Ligand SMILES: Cc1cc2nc3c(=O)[nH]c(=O)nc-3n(C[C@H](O)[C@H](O)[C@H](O)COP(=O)(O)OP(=O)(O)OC[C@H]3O[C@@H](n4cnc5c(N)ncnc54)[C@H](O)[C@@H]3O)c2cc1C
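Take a look at this single chain, the form predicted alone, given in structure tokens.
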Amino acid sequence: MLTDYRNESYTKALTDVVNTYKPEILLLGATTLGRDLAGAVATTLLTGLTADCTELDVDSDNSLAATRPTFGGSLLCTIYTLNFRPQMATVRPRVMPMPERVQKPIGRVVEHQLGMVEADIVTKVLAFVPDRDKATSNLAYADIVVAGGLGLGSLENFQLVRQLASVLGAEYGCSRPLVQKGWVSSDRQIGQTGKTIRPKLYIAAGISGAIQHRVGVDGADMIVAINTDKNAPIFDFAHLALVTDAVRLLPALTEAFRKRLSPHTRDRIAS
């Protein structure tokens, strides 16, 4: 019954587990399915839910401090669920660093019999039709991300970001103003109200780097910022700062990487 995601069956299962073991805290991922399931479970359990968190902490009295962006990402708000249990939150993917692998498991695996009957579940999965035509992004898990901001000046210039990303085999993204202008779809927005990323390399072209954007990229191993304004906030946390016009530099970068990464060039270097 849990092979395919159905809100009803998953809600019944998770609610039963919580009522049996009575945890203080219940966390789910702020993914499409996680958000759907968390809301239903919180409603069933009559408890609070802090959604889309970017930071978590636990006080000495086991109170969960769940921090999330609010007012369009202009503020960070820390929320406590004091009078109800469990304390629930959904956590945005990739906002926390991956811990070191532990060879010897330290957690306890508990098998729980649910006792559900398929006939009691109203919804049925009749078929699954994948949407192969939808060009969804995979920003949160990309090793390299190239992003553009309002400093690029036009939608035409934003294509330079896409071209560089294509040569590098990277994902491309943008800052919030470009989504607001309709230049880029919201699934490629990086920042507090968009995606949080932790790539090995992040190239930001024409992005000023306000606090809302910094929250989304702070975990990157290497941040390369390109901006004409030497006082841009992004230079305060970038690892490599290039004070120049991104519209002029991006084509040169793309061509240099294309030559460097082409099969023929690799063959010459190897010989």
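Since we're looking at a predicted model, the values are computed, not measured. Note that residue numbering follows the sequence shown and begins at 1.
In what follows, reference is made to the form predicted together with the ligand, a form of this protein that is not presented.
Q: Determine which one of 111-119, 94-102, 76-84, 158-166 lies within 4.5 Å of the ligand in the predicted complex, judging by heavy atom distances; exactly one does.
A: Stretch 76-84 is the one.
Q: Any chance all of 177, 208 and 228 sit within 4.5 Å of the ligand in the predicted complex, going by non-hydrogen atoms?
A: Heavy-atom distance to the ligand in the predicted complex: all three under 4.5 Å.
Q: Within 4.5 Å, heavy atoms only: does residue 54 come near the ligand in the predicted complex?
A: Judged by the heavy-atom cut-off of 4.5 Å, residue 54 is well away from the ligand in the predicted complex.
Q: So in the predicted complex, does any heavy atom of residue 149 sit within 4.5 Å of the ligand?
A: Result yes; residue 149 sits at the interface with the ligand in the predicted complex.
Q: Closest heavy atom of residue 49 to the ligand in the predicted complex, within 4.5 Å or not?
A: Yes.
Q: Test of understanding: in the predicted complex, would residue 70 fall inside 4.5 Å of the ligand by heavy atoms?
A: Output for residue 70 is yes: heavy atoms within 4.5 Å of the ligand.
Q: Quick one: from 238, 41, 64, 246, grab the residue that has a heavy atom within 4.5 Å of the ligand in the predicted complex.
A: None of the others qualify; the residue that does is 246.
Q: For the stretch 192-207, return the residues whose heavy atoms include at least one within 4.5 Å of the ligand in the predicted complex, in the order they occur.
A: Residues within 4.5 Å: 192, 193, 194, 206, 207.
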